[in-house]
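Only one chain is given next, in structure tokens, and it is the form predicted on its own.
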Amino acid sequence: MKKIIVAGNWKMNKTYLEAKQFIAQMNQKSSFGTEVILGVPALYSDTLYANNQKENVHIALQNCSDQSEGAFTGEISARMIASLAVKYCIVGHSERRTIYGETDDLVNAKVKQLLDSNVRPIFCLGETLSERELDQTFSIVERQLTLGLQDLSNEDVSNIVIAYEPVWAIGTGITASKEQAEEVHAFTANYLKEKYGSPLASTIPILYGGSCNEKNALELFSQPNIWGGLIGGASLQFEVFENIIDIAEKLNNGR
């Protein structure tokens, strides 16, 4: 049975004090069982990890290097992330792909670095507006899955979280309809089933990212193959993010 996961991606937002205040508000929230992931600026990760009092709230980084160590000024390795006991790291986000030119092969190298350091990758994929208009959505997603997960064992793949994020819906206020999102999630789930077998595929969370918010979370999370959200702008304001957690909690509890 799927369990809804609520992941936030703060991107390049929040000062140090604002980040600490957010964690303090999370600590004050009444008990809940839903797994929550906060993708925070690397600068704050150690302090936020130390201040977090919720066992089911996990700190994540938003990116990592494809190298383990060395003369790579400004980079952060998976080994460094693991040394802080950080459990997750986002890789392959569309902003990294489109703004910084990250390729599928580079994303694959980052995934491998994280897995080697026992950090779970949140592996992002998705099509641009022009690719969707050219009816290339499924071929793009299949390519990103094939290249992004290449040379990984079944055990490796079992430790990955996938996030489908239609690039045309990120930060635009435009959200894929529940039917559009579910269609791609179902395609992704079937790809995993065919390649790795049903038992393994049924355990891999596939999150939706792309202007997910408190108004559409319920209908999106209720779809059979959508396991929750990788949430950008709506994760920055605690009250809004809390409402999304509460929606997930009700679904997880069957209410």
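This one's a predicted model, so the numbers in the text were calculated from it and none came from an experiment. Don't overthink the numbering: it's just position in the shown sequence, from 1.
Omitted from view is the form predicted together with a small molecule, to which the following refers.
Contact annotation: the small molecule lies within 4.5 Å of heavy atoms from the stretch 208 to 216 in the model of the complex, the single such stretch among 45 to 53, 208 to 216, 184 to 192, 31 to 39. Using a 4.5 Å cutoff between non-hydrogen atoms, K20 does not count as a contact of the small molecule in the model of the complex.
The small molecule is not drawn, but in the model of the complex it has no heavy atom within 4.5 Å of K14. Although the partner is absent from this view, E131 stays clear of the small molecule in the model of the complex, with no non-hydrogen atom inside 4.5 angstroms. E95 belongs to the set of residues with a heavy atom inside 4.5 Å of the small molecule in the model of the complex.
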